[in-house]
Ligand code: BGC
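This document starts with one chain, in the form predicted on its own, laid out as structure tokens.
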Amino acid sequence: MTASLPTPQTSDDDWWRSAVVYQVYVRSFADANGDGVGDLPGIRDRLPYLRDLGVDALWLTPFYTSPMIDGGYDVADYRDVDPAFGTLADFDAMIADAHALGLRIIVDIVPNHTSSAHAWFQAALATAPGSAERARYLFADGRGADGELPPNDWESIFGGPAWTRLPDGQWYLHLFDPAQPDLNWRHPEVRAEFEEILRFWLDRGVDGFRIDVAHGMIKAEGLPDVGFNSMTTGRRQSELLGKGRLPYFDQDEIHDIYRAWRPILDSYPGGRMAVAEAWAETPQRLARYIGPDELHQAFSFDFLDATWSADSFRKVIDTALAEATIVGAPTTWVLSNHDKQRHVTRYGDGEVGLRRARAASLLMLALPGCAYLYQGEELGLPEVLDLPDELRQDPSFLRTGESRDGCRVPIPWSGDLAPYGFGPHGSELSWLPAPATWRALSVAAQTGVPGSTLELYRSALRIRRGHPALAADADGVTWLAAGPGVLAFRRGAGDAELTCVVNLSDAPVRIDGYGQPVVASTDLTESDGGHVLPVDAAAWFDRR
């Protein structure tokens, strides 16, 4: 299989425009030392698998020194590797091997907040209100006669107040867990520090950054109230994410930060890039994060949130492509990630959910732009819904009862017993348990099996990489006439055309005139010289 895969063009500075990026949730990908936690040496061992899968780059979730209150998104030291994941030498060895295999590495950067264990915050706790150390964070006096009330009504994304009071009476802001204090991005030391952090990892060879909470670093002047929260109205402020304006998200001043970061990225060779995890109230405001003087990409979460209908997907795709044309940057498509329920389960779970997930994957991979895959989706993994409460580690679980742990269960590699080859031979440890049904979904169980989800992804990715109609500079989407509940579009033109058809209706549909099927999410049948596409299925047709 390896010999048939074209090698990525590592000298192409625009690689990110059409790349397929595979998200590695480091704790749950591969465990090299048998302690039950995934690590950098484990990733290094599995790089050939990712090369053979056909992806172009890996995005690694945080592996920095951390108390792990929020899975590593509470960073105590941005310039070192947490011992649970290995060492800086392990990182250097992993990235060297990745580059030798033609794979690029994108790392998470967490600039909105640090860990409460970070040296800066510890220094802030050790000094009095008004100190220079506290100025790096967002400390404020409380309201009420004795300052006993929070400075405003802001609410944590994880539920509950966004403020914690210290024994000396001051409050500090944490839009997430209390162990994640928000930084003051109007402070020049904060800006200078993160510019140096970028250079530290760029010097080690990273090819890009995924920016966590990229919309959050600047808060409105004066820290004004939102006007409601779950305590006063029963509505959580987080319900406005992507739908309305909050005084602590998507402030205009945030773009000054990225205009300072872009020259740093551009000063390194090889097309170093950055992608924003950003939420904004309109596509137009989200598009402001992208451009030749700011970031290269921003995730399009509307595609992830689309319902299983032709109208919903068509609207999302048209909007995203129109915005991409305006800003001159590629769209980014994503169906699952470490914060969202896996799309097999979102689409109905069981056989229905898997059938729809496979079809949605072909739809996504046929679209122009960059596609982000979440580890295990190539295996058709569903969400694990029945994890024991005592094993859940998501900090939002204790506050809201909502947990992201179900999409973070270590992926299965081989064998009949959990944890299915997650660790070295004979290891039985795994930080979250995998269900018994996953033995049939492991990499080993699906490799070489016609019709398996893994082989579907391998086939689609091989075609995507080699077909001229799916190249970065190929013609965009041309929608074709199709029946109710059916999406059909063409990529390319002339002798290099590929047509994607997705049946989201409630009846099989006949497909004629698009050429021969080259990959399909389920078996097609022939009828009078044409093909019949079953319900909840997708296929690519080639005219060449």
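The numbering used is simple: start at 1 and walk along the sequence shown. All values derive from a computational prediction rather than experimental measurement.
Below, we refer to the form predicted in complex with the named molecule, which is not included among the displayed structures.
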| query | finding |
| --- | --- |
| The unique member of 408, 272, 134, 458 whose heavy atoms fall within 4.5 Å of the named molecule in the predicted bound form | 408 |
| Option touching the named molecule, based on a heavy atom within 4.5 Å in the predicted bound form, out of 255, 465, 346, 338 | 338 |
| Proximity of residue 404 to the named molecule in the predicted bound form, heavy atoms at 4.5 Å | yes |
| In the predicted bound form, residue 237 touching the named molecule (heavy atom, 4.5 Å) | no |
| Non-hydrogen atom contact residue 213 with the named molecule in the predicted bound form at 4.5 angstroms | yes |
| Partner contact for residue 139 in the predicted bound form: the named molecule, 4.5 angstroms, heavy atom | no |
| Listed range touching the named molecule, judged in the predicted bound form by heavy atoms within 4.5 Å, from 419-427, 175-183, 242-250, 376-384 | 175-183 |
| Residues within 4.5 Å of the named molecule in the predicted bound form, restricted to 277-292 and counted by heavy atom | 277 |
